[in-house]
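Just one chain is shown here, as structure tokens, and it is the form predicted alone.
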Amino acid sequence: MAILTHHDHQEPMVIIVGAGPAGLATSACLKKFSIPNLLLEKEDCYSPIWKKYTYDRVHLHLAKKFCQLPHIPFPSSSPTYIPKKEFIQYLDDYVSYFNITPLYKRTVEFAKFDESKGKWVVKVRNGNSGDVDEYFCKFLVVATGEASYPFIPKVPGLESFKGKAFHSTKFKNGDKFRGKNVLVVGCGNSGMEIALDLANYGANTSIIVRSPINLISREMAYLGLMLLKYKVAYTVVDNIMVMLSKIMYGDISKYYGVKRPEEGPFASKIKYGKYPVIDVGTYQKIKSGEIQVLPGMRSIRGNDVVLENGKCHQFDVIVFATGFKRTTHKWLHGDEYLLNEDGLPKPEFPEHWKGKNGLYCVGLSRRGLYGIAFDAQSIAIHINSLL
């Protein structure tokens, strides 16, 4: 295994780790200031979550005006809630407009600020050759995203399951699950929407709901974001959201078996990073009994899933919509200030994007694409001011 050092003429000013929407936006904003940057991506394409790991029916949950990347709006002809295919087309156009050229199959294995050189040392495994390339740069941007590595919890007996069990990143649509007994584990937006898709395709669908949820509609989310944009306090916005949710959905504990959380949707998101569930039709299916809500899982024995209430159900398929883990702490060394163990920013919004020694992060403020645009522009302006 060779370690190849990239000498000064190949030394990028900025290295961006991750070529999802966050990395692409940052690269574009730096290019606007003619600041050279190198974009590294561990997969074989940019925006792999969107291109490879999302289900077919996914749409952006927020209206398009809250989801555009810096400098290029969505076409006025596109729908308010952008479907997957159109969003990928938008990213393709974005990349070609800014001539963004990521290096693919590059996994960052080590990054540390070298005090003596005043630069970051970044060691990168090249998936094509197996070599480790070594780079030096003045600025390092973590753009690996909230959704880095699919997470499946350890369930006793999962290995004995006779059916199919997989993470939601492998789910495309419910077509091949017609008539099957399918369990969706996880009641975030992906879990709720996958359950809806399965029910629409005629699967016998159950979903595990364990924790309290804030249920809102797309229109309510739009209203909430508009109010926040005009500097209405999020506590006031939350009171409005909870009131509207009660009017629209009534007592959700009747159907979901869980209460609303103590905190409203925006407080939950800001404090604990818990996104509200934006209902796109699942609630109606739960109400009508087409989707069955179950409590947490205790264990699995063959095809039997034993629940926390002691009851036992048989399933052919289990889809784990159980989110992601970040592994930044495994490769990023010497940063005590910016990111926590879980790879999320320690400083509060809106100062969350800026670390020390030229370290930045983008797209980790749990504000979705809206947050990405803010971070990318802030970082580019800051780096430009230092040069």
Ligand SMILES: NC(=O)C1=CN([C@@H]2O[C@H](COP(=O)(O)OP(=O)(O)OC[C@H]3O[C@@H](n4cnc5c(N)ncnc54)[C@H](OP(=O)(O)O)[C@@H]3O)[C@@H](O)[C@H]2O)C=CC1
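Position 1 is the first residue in the sequence shown; the rest follow in order. Small disclaimer: the values here were computed from a predicted structure and weren't measured.
This next part talks about the form predicted together with this ligand, which is not shown.
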Check the shown form for clashes with this ligand: superpose the C-alphas around the site so the partner sits as in the predicted complex, and report blocked if 3 or more ligand atoms are within 2.4 Å of backbone or C-beta atoms, open if none are. open
Heavy atom within 4.5 Å of this ligand in the predicted complex: which of 164, 285, 180, 210? 210
In the predicted complex, the one of 189, 268, 126, 303 near this ligand [non-hydrogen atom within 4.5 angstroms]: 189
Residues in which of 317-325, 27-35, 350-358, 334-342 have heavy atoms within 4.5 Å of this ligand in the predicted complex? 317-325
4.5 Å heavy atom contact, residue 193 and this ligand in the predicted complex: yes
Does residue 74 reach this ligand in the predicted complex, with heavy atoms at most 4.5 Å apart? no
4.5 Å heavy atom contact, residue 153 and this ligand in the predicted complex: yes
Taking 4.5 angstroms as the cut-off for heavy atoms, does residue 215 touch this ligand in the predicted complex? no
Would you give me the residues of 274-302 that have any heavy atom within 4.5 Å of this ligand in the predicted complex, in order from first to last? 274, 275
